[in-house]
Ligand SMILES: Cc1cc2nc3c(=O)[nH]c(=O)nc-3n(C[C@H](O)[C@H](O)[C@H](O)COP(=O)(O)OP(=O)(O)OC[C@H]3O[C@@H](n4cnc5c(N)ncnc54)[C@H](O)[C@@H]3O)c2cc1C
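In structure tokens, the next block holds one chain alone, the form predicted alone.
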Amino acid sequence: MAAEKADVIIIGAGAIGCAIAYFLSREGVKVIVVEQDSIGAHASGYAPGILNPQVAVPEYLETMLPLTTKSFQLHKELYQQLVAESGIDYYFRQSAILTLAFTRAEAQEIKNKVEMLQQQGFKIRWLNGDAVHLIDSRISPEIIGAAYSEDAGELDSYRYVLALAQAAEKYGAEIRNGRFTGLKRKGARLTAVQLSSGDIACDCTVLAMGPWTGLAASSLDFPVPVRPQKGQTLRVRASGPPFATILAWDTNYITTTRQDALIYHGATHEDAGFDEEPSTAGRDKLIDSLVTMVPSLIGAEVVLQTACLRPLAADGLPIIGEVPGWNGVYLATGHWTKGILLSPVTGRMVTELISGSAASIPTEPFSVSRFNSFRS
């Protein structure tokens, strides 16, 4: 009996893995997606689904902006198509975002970012406190002002991942449960992916395992400096109308989900290893930031608390590309807090790399080879 074979095996069925499967299978590539748990079971399923293409860190601006803006555009272009292909509405909508300043130092930092982003073509401006309260009077009276941007969006992350998976299956991709254990090679060329259930021969594999991608380093004989960063969120119920915009402050955000009208608030940034359990300390910190931003929410009912692990690369940038020393092994990880936003552009980039077609987005800044110096 002939051994099982696929063109490409993708390890991981989060937003990144399912987006790659979608774009590859649309091109007629025979794809198998292997997931140890279930589709969107980790960060992709718990993410707030806020699509903010702005790059606020000046040193990342030139590198990341082509990626974030292209991916946001792809989200807008894909929505109706994905809903039609999958039959799953994931409630994409364009939104405005208010970035709040409570101190003069925060205000100056945000004003600097506004100027920087205006130069990049973003529809963003500084508003004083009175103008902010005209948008929503529930925002804390303690704010000095806020940046108002029209260039943002929202979606239901879990339903989005399901839509990608369903559409990929429509084009012939197979999604199965399994545990990745290693790789086989002949010289530099990949020959098979090893699973706990047996080997599958393939020409290419993409490791899209989020913060667990680093655990594959022993199979690759190449360092993958990605670590987990824990993020906790709350969903709360409160009276009053939905928030008309996304509210952001420091690393915190507030948004009202369309489908259940719950207020989604997050997120913590914790170095807690692979601990995915929600904590009382995390809940208390989130409640404190929630009522700082909107004091009237002090009586809100906590409906759900979640925690997940984001993949953070050593230099803070995504890792997208072929692994040095291998022919046919690719990484797609390290997207940190922007995995949902960057999933479509990553899917397209990896598809272009595997097919050898012209790159629509430069991949060099995100190449795996930038970590050659990590080799011991």
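Bear in mind that the values here come from a model prediction, so they are computed numbers and not experimental data. Heads up: residue numbers just count along the shown sequence, starting at 1.
Absent from the display: the form predicted together with the named molecule. The rest refers to it.
- Proximity of Ser44 to the named molecule in the predicted bound form falls within the 4.5 Å heavy atom cutoff.
- Using a 4.5 Å cutoff between non-hydrogen atoms, Asp37 counts as a contact of the named molecule in the predicted bound form.
- The shortest heavy atom separation between Ala21 and the named molecule in the predicted bound form exceeds 4.5 Å.
- Heavy atoms of Gly178 reach within 4.5 Å of the named molecule in the predicted bound form, making it an interface residue.
- Per the 4.5 Å heavy atom criterion, the named molecule in the predicted bound form is contacted by stretch 301-309, the sole one of 106-114, 184-192, 301-309, 86-94.
- In summary, among the residues Ala267, Ala167, Leu98, Ile254, the only one with a non-hydrogen atom within 4.5 Å of the named molecule in the predicted bound form is Ala267.
- Along 323-351, residues His335, Trp336, Thr337, Lys338, Gly339, Ile340, Leu341 each place a heavy atom within 4.5 Å of the named molecule in the predicted bound form.
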